[in-house]
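Before any questions on how it binds or moves, here is one chain, the form predicted alone, in structure tokens.
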Amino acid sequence: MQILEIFSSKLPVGENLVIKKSRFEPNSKLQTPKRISIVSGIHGDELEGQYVTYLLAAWLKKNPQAIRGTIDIYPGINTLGIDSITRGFPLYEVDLNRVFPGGEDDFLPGQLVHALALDVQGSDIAIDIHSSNIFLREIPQIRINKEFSNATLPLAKELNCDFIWIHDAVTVLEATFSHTLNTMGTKTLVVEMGVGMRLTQEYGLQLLKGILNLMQKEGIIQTDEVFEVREPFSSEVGDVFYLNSPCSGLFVPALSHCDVIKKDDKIGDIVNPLDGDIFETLYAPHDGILFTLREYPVVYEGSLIARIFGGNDAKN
């Protein structure tokens, strides 16, 4: 294993901003080894990916004989955000995942993302791991830009996630890591899971198994271990329904995350802590699977409460 520096810059406070990666390679050089890059921590309040990269690095250190390709792990891109528990890049107050591809002469966040993109470029596969924010909890899911779905969907099905959400192209997505790397020719998948500022160990272990399975299928690792992965449901065969709060109050859920639900099942109540009244009771708008559920209980009119996937897969 090598620890390599991919970016550094002097900061006004007399310190240096340094971004590092760990690289795992086979003991014997192969002629054309495949390369995979695992990236996390682009948002400073998303820590689920750091647990996954820890688990992956520990597995690779324990099984060096299994390595057949190059595995680059980037555990914390937005180190300043992680240190200050903020989502964006401190001082500049920007979302790093909205300033790609950046440039050498750009402002500091643009320089950082430019260095990351150039370093990851050339990988056969990249996985960009995100959590939700502090308000929502997500089941392990993969989000794919429809523009690149023909190349990335087969890979996504190997990652042991519960849901594959294929989005139509949106202009703002062109400034993201995944869109930039897909455009550069690296097949890039975005994983979203868990909740902001927390670790969900079961989700981390689930994704680790998926990454190992994908690497084994791609010849990046070789082991006798069998990684059994779940078959995800996909937005290709159904719709996503949004449930927003009709008023302000305290949201009290009535269902568990990832429940299979029926239309008109109770999702929860919006309650008034002051006088004990229920402002509103929320019901499912469609049959399906509850793949996003409000985690932070304080809500305002329009706050997202839940997302429900409704399709043929969800009825099985």
Partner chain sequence: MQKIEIFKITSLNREPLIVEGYFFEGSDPKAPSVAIVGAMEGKTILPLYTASKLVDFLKNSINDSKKILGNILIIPSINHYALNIHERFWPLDKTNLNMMFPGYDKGETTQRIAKKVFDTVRGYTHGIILETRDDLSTCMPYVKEFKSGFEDLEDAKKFGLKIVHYKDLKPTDTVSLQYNWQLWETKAHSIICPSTMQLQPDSDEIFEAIVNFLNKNNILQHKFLGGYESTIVANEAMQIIKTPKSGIFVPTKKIGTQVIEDEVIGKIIHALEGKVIHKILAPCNGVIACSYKNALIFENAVAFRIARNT
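Computed from a predicted structure; not experimentally measured. Residue numbers count along the first chain shown, from 1.
There is also a form predicted together with the partner chain; it is not shown, and the following applies to it.
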Segment assignment from 193-201, 113-121, 208-216, 88-96: heavy atom within 4.5 Å of the partner chain in the predicted complex:
88-96
Position in contact with the partner chain when the complex is considered in the predicted complex, options Ile166, Val229, Ala175, Met184, heavy atoms within 4.5 Å:
Ala175
If the criterion is a non-hydrogen atom within 4.5 angstroms, does every one of Ile139, Ser234 and Val240 touch the partner chain in the predicted complex?
no
For Val13, is any heavy atom within 4.5 Å of the partner chain in the predicted complex, or not?
yes
Non-hydrogen atom contact Arg294 with the partner chain in the predicted complex at 4.5 angstroms:
yes
Within 4.5 Å, heavy atoms only: does Pro273 come near the partner chain in the predicted complex?
yes
Proximity of Ser245 to the partner chain in the predicted complex, heavy atoms at 4.5 Å:
yes
Residue by residue through 102-135, which ones have a non-hydrogen atom no more than 4.5 angstroms from the partner chain in the predicted complex?
Glu104, Asp105, Asp106, Phe107, Leu108, Gln111, Phe135
